[in-house]
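Only one chain comes next, encoded as structure tokens, the form predicted on its own.
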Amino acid sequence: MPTFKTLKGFKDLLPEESFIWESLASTARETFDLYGFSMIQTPILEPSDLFTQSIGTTTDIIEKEMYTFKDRDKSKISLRPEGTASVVRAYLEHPTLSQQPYTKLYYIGPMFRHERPQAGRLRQFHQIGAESIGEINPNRDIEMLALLVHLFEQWNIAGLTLEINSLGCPVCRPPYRQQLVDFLTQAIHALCEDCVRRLQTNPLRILDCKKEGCRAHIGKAPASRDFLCLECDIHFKAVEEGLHRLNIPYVVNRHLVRGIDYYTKTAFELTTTALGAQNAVAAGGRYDSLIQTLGGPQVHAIGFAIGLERVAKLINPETIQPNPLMLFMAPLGERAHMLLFPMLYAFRRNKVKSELGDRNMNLKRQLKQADHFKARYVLIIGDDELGSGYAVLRNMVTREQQKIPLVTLVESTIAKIVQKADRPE
């Protein structure tokens, strides 16, 4: 047994899983670039007040889930539990971001919450997120939703449902909140312990409770959609119209809320039926007051975050495979090894993915090793080949063999490989 193991709620990403993640991230970078988003990388550690002021002190994240501790100078710092607050902090700190008419940023990285570990939810989890800062125009909402849907299309993930709602604004939310509290107070006997507490501190979070007793009453609860002021109503209808014009299917979930206090107006989730209770693979919304809350001017913004752990569970590993090994070199003996060893690096510098076999293995075992690597070609050199001045290049798909002159081994091999690669087998 090993002396040390990973902590509860944390996990190692082994090469086969890391490759899938990197493929997802690579596709995301390309898609964000199409939409004019630039990458930002913020620190994992931030001042704790950044999150308490932005996320809300009555949220589960702040009350129960944040990793917070004192630094050596006694200041309180936290592992970031989400990405938006850090991006907004960077936006306010760096004039090169805030002085632009509008700013579009994306990030990829780990977040930390002390939650109960379960499928698709770990204490160190990873998100791909995007933030569009600077405009209240509904077209920004539509762009973000189109980007989100497009990204999942690029990942070839189907069977998803885009759910949208409007949470209102500081003008129309208080009357709705009061109606919701009045309704839920009548059913307080059926609410779970957490929701009884939330009824006084954050009643909208009750709408997101997954416990059966609470769910039985949520469907009959008042909906924020029925309390929108004129401005919020016009904004939400414009978002719906834009989605129709782009032929993006969606459903209005009248009781959709977000677990963080800073969201206003448009809120959304991308859900699947393939992951059980943890059905949201992406979520986000508009946050028009957050920048002002953190000491900046009144600047409108909208963003989303995607859970990489959950997305990876929806990917068929067979559809994402590493590039196969192009060339496996089989040295039969010490002399052949001495010749091929420097050539291994010559091939790699010429972008030929290559490996060198074990000179102490016979040819049969080395060919099995080449099969393990899924090598397309094997270059064979032994005493006979050294004596004749020609190596043997074997195509592992067709089993065809060709002679390659040793004096131009690298150049001639590359020419043969490229020539064949340009044509389907």
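Note that this is a predicted model, so its numbers are computed, not measured. Position 1 is the first residue in the sequence shown; the rest follow in order. The term rigid core refers to the most C-alpha atoms you can superpose between the two forms while keeping them within 1.5 Å.
We do not show the form predicted in complex with the RNA, though everything after this point is about it.
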{"query": "Gln127, Ser78, Thr293, Asn253 - the one with a heavy atom within 4.5 Å of the RNA in the predicted complex", "finding": "Gln127"}
{"query": "Contacting member of Leu167, Ala282, Val87, Val239, with respect to the RNA in the predicted complex [4.5 Å, heavy atom]", "finding": "Ala282"}
{"query": "Which of 24-32, 66-74, 368-376, 40-48 lines the interface with the RNA in the predicted complex (heavy atom within 4.5 Å)", "finding": "368-376"}
{"query": "Heavy atom distance at most 4.5 Å to the RNA in the predicted complex, all of His150, Ala267 and Leu314", "finding": "no"}
{"query": "Distance check, Asp358 to the RNA in the predicted complex, heavy atom within 4.5 Å", "finding": "no"}
{"query": "Partner contact for Asn395 in the predicted complex: the RNA, 4.5 angstroms, heavy atom", "finding": "yes"}
{"query": "Partner contact for Pro203 in the predicted complex: the RNA, 4.5 angstroms, heavy atom", "finding": "no"}
{"query": "Partner proximity in the predicted complex: Arg116 to the RNA, non-hydrogen atom cutoff 4.5 Å", "finding": "yes"}
{"query": "In the predicted complex, residues of 332-352 near the RNA [heavy atom within 4.5 Å]", "finding": "Leu332"}
{"query": "Threshold 2 Å Cα movement between the shown form and the other one for Leu160, core superposed", "finding": "no"}
{"query": "Asp194 C-alpha shift between the shown form and the other one of 2 Å or more, rigid core reference", "finding": "yes"}
